[in-house]
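Shown here is one chain on its own, the form predicted alone, set out as structure tokens.
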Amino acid sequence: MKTLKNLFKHWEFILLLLLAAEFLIFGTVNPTKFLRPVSIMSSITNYISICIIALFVTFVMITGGIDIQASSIVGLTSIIIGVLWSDAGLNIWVAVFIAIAASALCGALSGFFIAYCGVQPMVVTLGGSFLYSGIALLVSGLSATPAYQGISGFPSKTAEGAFVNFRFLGKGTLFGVIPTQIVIYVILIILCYWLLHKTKYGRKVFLIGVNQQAAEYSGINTRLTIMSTYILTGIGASIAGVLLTANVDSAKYNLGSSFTLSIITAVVLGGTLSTGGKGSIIGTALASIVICILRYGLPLCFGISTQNLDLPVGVMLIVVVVGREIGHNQQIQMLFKRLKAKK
């Protein structure tokens, strides 16, 4: 019993139970369609950009910050790749490198204002979302292709029909089964987990979230560390932009513009406190998959329109987060103990 109680104290275990419950419910209602591995992996692939960005936003939120500009950086990355490849004639991989570097600079700019100028993260990243969306629109104006149409026709297939080169990132599979995007996502989970939970850098991030002043007194360069988390988010958003562009074979300035709420939801549902100091990569990854399976299973098994999927996701987030806060509230815990003692 003690072992079971200890497991329930870990938020990741609760998320695993939620995931298992989803598979049990959806698998019971429609086992033929829902329990198809290819369909499940396809649903995760469709949501993978949000999952990737959420991993990196976890770093930001653990420091006590927030990043709502990442979705704009996705579109900026996409259109930079398209314009440099299609109109400037650069090699596709050179274009990808430049786009990632530009996204890192965007993160560094916002991180500088937050860390070194003391501006509120919400204000800076909100301004950044408009700024980088505007820059993406300006870049799209440099292309001969109309902005609404998007730049397509990236290096894609062999004569046999297999995806290669740039398109392999978005559409390819390993061993003919596992989508390349899922493999990349797993690699990023491992890297982020190692960086956050197994290195000195990760310990600095947590300490800053717990008490920035104490971190400063202990010799940590808190400003540089905070700025670095926004650079990481910029890079994460650019990776998501690369994969999304390769997947849909279209470079657009507004690609990923609706990702913001889903990203924050995945991070918060994963156990990261909005006030900072607590969070985990595994929790964020599990929460992302929970949301992904929920969005996949509800339309398939219960006929819920995809336009209404934000409602159950929002309800689940509120119920789970409120329940978690109640569970950790000492006054409520004392009240339950007193009621139990009276019985």
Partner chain sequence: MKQLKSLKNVRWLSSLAFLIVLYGITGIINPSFLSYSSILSCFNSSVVFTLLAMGIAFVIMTGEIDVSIGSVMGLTATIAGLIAQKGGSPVQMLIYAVLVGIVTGMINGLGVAFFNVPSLIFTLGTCGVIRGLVFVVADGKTTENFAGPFTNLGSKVLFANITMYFALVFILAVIVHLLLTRTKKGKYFIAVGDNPNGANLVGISVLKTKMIAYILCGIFAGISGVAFASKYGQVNIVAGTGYEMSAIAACVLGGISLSGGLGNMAGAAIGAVIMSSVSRLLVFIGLSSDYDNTITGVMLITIVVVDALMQHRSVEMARRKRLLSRTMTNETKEGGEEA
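Residue numbers count along the first chain shown, from 1. These figures come from a predicted structure and were not determined experimentally.
Below, we refer to the form predicted together with the partner chain, which is not included among the displayed structures.
Novice: Flag this candidate site as yes only if I25, V29 and P31 all have a heavy atom within 4.5 Å of the partner chain in the model of the complex; otherwise mark no.
Specialist: No, the candidate spot makes no contact with the partner chain.
Novice: Tell me, out of P146, G153, G89, G134, which residue has a non-hydrogen atom within 4.5 angstroms of the partner chain in the model of the complex.
Specialist: Of the candidates P146, G153, G89, G134, G134 is the one lying within 4.5 Å of the partner chain in the model of the complex.
Novice: Which residue, M41, I68, L294, L300, has a heavy atom that falls within 4.5 Å of the partner chain in the model of the complex?
Specialist: That would be I68.
Novice: Within 4.5 Å, heavy atoms only: does W194 come near the partner chain in the model of the complex?
Specialist: No, W194 sits far enough from the partner chain in the model of the complex that none of its heavy atoms falls within 4.5 Å.
Novice: Answer for G128 alone: is it within 4.5 Å of the partner chain in the model of the complex, judged on heavy atom distances?
Specialist: Yes - in the model of the complex, heavy atoms of G128 and the partner chain come within 4.5 Å of each other.
Novice: Counting only non-hydrogen atoms and a 4.5 angstroms cut-off, does L261 reach the partner chain in the model of the complex?
Specialist: Yes, L261 is a contact residue.
Novice: Decide whether I235 counts as a contact residue for the partner chain in the model of the complex under a heavy atom distance cut-off of 4.5 Å.
Specialist: Residue-level check for I235: no, no contact with the partner chain.
Novice: Just one of 116-124, 235-243, 204-212, 165-173 has heavy atoms within 4.5 Å of the partner chain in the model of the complex; which?
Specialist: Selected stretch: 116-124.
Novice: Determine the residues of 289-323 with a heavy atom within 4.5 Å of the partner chain in the model of the complex and present them in sequence order; the list may be empty.
Specialist: Those in contact are S305, Q307, N308, D310, L311, G314, V315, L317, I318, V321, V322.
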